[in-house]
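Only one chain is included here, represented as structure tokens and corresponding to the form predicted on its own.
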């Protein structure tokens, strides 16, 4: 029996983000009015409420703001993944994004650890930006 993992729904606001990930880039929205990046992709800037947004390729570097080690699977589809690290990553450009930290030693992950993005292809349409410690 094959169990498939749930995948994100790609909508109008997030399509450029997912397209960039497929191409090995981390692109997040940048506001043309206030000049701030934000994450997650949405129709208006959460800082100034402008709709003058474009996607900007960012460094992909950041640090672990907080994290947890998942030792029990979040459903049958994730049984082979445990233990794994789910982290809130603070990007160098400012926004924070939830992702996974890929590591052979989940206990080695610490708050403040420096990380960089890596891309994991799930399907032809979805590639996930995960992070690894540097």
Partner chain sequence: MKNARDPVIVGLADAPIEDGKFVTKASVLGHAALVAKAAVEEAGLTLDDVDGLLTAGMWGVPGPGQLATVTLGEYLGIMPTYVDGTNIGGSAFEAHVAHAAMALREGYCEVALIVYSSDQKSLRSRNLGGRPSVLSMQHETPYGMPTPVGGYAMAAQRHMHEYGSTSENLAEIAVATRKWAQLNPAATRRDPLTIDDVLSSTMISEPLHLLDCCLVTDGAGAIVMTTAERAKDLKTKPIAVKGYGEAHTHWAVAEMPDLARLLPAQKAGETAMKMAGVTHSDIDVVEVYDSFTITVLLTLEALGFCKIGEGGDFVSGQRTAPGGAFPMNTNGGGLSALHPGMYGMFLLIEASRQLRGDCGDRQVTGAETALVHGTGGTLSSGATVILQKD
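This one's a predicted model, so the numbers in the text were calculated from it and none came from an experiment. Numbering follows the first chain given and starts at 1.
The protein also exists as the form predicted in complex with the partner chain; that form is not presented, and the subsequent description refers to it.
Q: Tell me whether 72, 96 and 100, taken together, all sit within 4.5 Å of the partner chain in the predicted complex, counting heavy atoms only.
A: Every residue of the candidate spot has a heavy atom within 4.5 Å of the partner chain in the predicted complex.
Q: Residue 134 versus the partner chain, in the predicted complex: is there a non-hydrogen atom within 4.5 Å?
A: Taking the distances in the predicted complex, the answer for residue 134 is no, it never comes within 4.5 Å of the partner chain.
Q: Does the partner chain come within 4.5 Å of any heavy atom of residue 107 in the predicted complex?
A: Residue 107: yes, in contact with the partner chain in the predicted complex.
Q: Is there a heavy atom of residue 11 no more than 4.5 Å from a heavy atom of the partner chain in the predicted complex?
A: Close contact exists here: in the predicted complex, residue 11 approaches the partner chain to within 4.5 Å, heavy atoms only.
Q: Do residue 59 and the partner chain come within 4.5 Å of each other in the predicted complex, heavy atoms counted?
A: No, residue 59 is distant from the partner.
Q: Which of the residues spanning 13-30 lie within 4.5 Å of the partner chain in the predicted complex, based on heavy atoms?
A: 14, 17, 18, in sequence order.
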